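Next up: a single chain in structure tokens, the form predicted alone.
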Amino acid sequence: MDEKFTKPYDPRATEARIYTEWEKSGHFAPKKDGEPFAMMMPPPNATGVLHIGHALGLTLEDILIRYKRMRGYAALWLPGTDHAAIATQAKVEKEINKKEGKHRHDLGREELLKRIGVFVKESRAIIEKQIRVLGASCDWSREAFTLDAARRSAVNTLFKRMSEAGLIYRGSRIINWDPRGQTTISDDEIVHEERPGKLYTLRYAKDFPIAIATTRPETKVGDVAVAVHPEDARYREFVGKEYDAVFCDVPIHIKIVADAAVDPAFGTGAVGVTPAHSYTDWEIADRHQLSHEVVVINELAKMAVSGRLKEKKTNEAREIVVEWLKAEGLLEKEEETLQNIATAERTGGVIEPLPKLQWFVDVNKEVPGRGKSLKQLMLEPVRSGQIRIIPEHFEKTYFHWLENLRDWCISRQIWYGQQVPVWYKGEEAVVGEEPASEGWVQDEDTLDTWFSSGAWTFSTLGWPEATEDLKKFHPTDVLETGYDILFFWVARMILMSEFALAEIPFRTVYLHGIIRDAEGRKISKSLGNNIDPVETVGKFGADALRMALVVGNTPGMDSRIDEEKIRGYSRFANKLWNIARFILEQSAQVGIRIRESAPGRSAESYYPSPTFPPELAGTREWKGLEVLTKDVTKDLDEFRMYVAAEKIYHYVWHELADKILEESKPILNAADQAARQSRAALLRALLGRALKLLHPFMPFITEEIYQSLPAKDAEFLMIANWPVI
């Protein structure tokens, strides 16, 4: 028996060494033969360090890839990082401003990008180290970055082909404008916050026949209409009539229109239509051929009108308008209410819907040669079952989101990221690649990061080239990610893959929930309840953290974790170590006595035979483990990692340790040599099988024990054969 078993298990002295041995072995790469199984690692943002949510995702993915590798698959888990343009630039700009008091325009584009490049390089190195610390057995030889040369080329090709298909266009439409970040953002990058506000009931003028209700009276200087419901008898006589007024120094022209989008029960049942500053109003204006051109709020969230409101911030302008309404006798009611305020996820800025000239992906136009729109191509594979979403109830959420999907704004007004691959010279424009001749100027906007990461499943496999990797591993098998980016990323990957390859990007989407603390609160720095994965591994070991994360973690549901739970699985690791020590010690003792009674035997015969004695297959103990093996295998095949982990945990602690070992001690201490040999062989076989079942969940300690087994069926446990019944 190895001397290491004379000491308690020390993950700090074990895990880094084992990971280095694994990585050097080359077994993280898929083997050449065997049925392919592929997963793409959701690329962490290159903005700093991994959090506990990343640790959960990496653990679940590593469980799947280790299981499939042991099942004999050519298992590929491809790692990478995301440049996360808005978040990364915002973080670097914030640091520069804090340390130097400078803004990006003080530095210029080239200098800012240089500094961001240094930051991203350092961040990626930290992230890669942390991924290794967690035991992730991904193929580092294929590592990718959403902004590396290969991905840039793929994205430019994708943009060009979508443009040629008429699915990308440049147009003036209403978008989400972040005044703080000075860029557009997508609907999915908005965080809605409930804040106290006021609902004002007012008239544009004393002779205006209808009172309207609004929470933003400052925008009424941009109204072009009042909309009422077609069946609202209160206002039927006014529909079609037009009125002129001067509202807080600003001349306005108002038409009364009937539109089914109006809720007759809200406020007065009549709403002012401000097309330039509301998605809903923009669409009402489209339906009634009203002007979209009255813009009254600028990119700095200030009023762009003449008179007393000129250059005022929107909140200040609101107070001025309310005072004017009161003075003019036009404010009929003022009520306290709660407002659902749209804010930018990355900067916290309050979103202003503004009409701007931007690049869009048309999701409703028919894709040439497919007979369907991108929206339909995103819906069909989930509806047909080609793509399975776990848990299933998220399919309804997915459908609802897609049914309300607008054209996707893909341009951003930031400097970091992949520039829109369009070059201009006068009235000419070239898409895809920079012309060789001089005088061409590239579009200054960058592409939405999700446009780049949307191609992740195939750009990482060498597309647009017809590579062997692409042929072998696409579509991929599983995408494991958080439910909170179902629309950000999952839907866009389906869109991109359907367009570029006319096939799905993955067969199964496994959505995990959010990690919360012991009290059910979301993990955050402000609450001081943050759990740093690397610090935790340093304290308790990666195996303990992995088990604490996966046990009880039902797909799509939030789960709780605290240090005590992690400590509990650290104790479990020690328990497993002690079990292994006892079994190997007993095997050695039996072997020594055999040697003494038969001095002519070879060294290999000091231990029971490497092959499992057939007579032990009929024992109660082995039959019970066979049942567990079937259960765990089925659970992993059906993505019930949390159930499988709990079952093997209970077997090792409560069945193997508490029952079987205790029952074995009298046998091992008796004089019957044959019975002792048989029991030692059984215990070692049970240990070997348990290590295999537990390996995907606790890879480090199981590998360390496996290396000390006198009989092994592979160089490493991670490539040993999974027991198939």
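Don't overthink the numbering: it's just position in the shown sequence, from 1. Values in this document were obtained by computation on a predicted structure and should not be read as measured data.
From this point on, the text means the form predicted together with the RNA, which you will not see here.
- Residue-level contacts in the predicted bound form: of 280, 376, 633, 413, one residue has a heavy atom within 4.5 Å of the RNA, and it is 280.
- In summary, among the residues 539, 241, 560, 292, the only one with a non-hydrogen atom within 4.5 Å of the RNA in the predicted bound form is 560.
- Relative to the RNA in the predicted bound form, residues 80, 82 and 324 are all farther than 4.5 Å at every heavy atom.
- Remark: residue 653 counts among the residues lining the RNA in the predicted bound form, judged by a heavy atom distance of 4.5 Å or less.
- Residue 409 falls outside the set of residues with a heavy atom inside 4.5 Å of the RNA in the predicted bound form.
- Taking the partner from elsewhere, residue 104 is found to have every heavy atom lying beyond 4.5 Å of the RNA in the predicted bound form.
- Contact check for residue 353: a heavy atom falls within 4.5 Å of the RNA in the predicted bound form.
- Of the candidate stretches 308 to 316, 270 to 278, 382 to 390, 148 to 156, only 270 to 278 has residues whose heavy atoms lie within 4.5 Å of the RNA in the predicted bound form.
- The partner is not shown here, but in the predicted bound form the stretch 652 to 666 reaches within 4.5 angstroms of the RNA through a heavy atom at 653, 654, 657, 658, 661, 662, 665.
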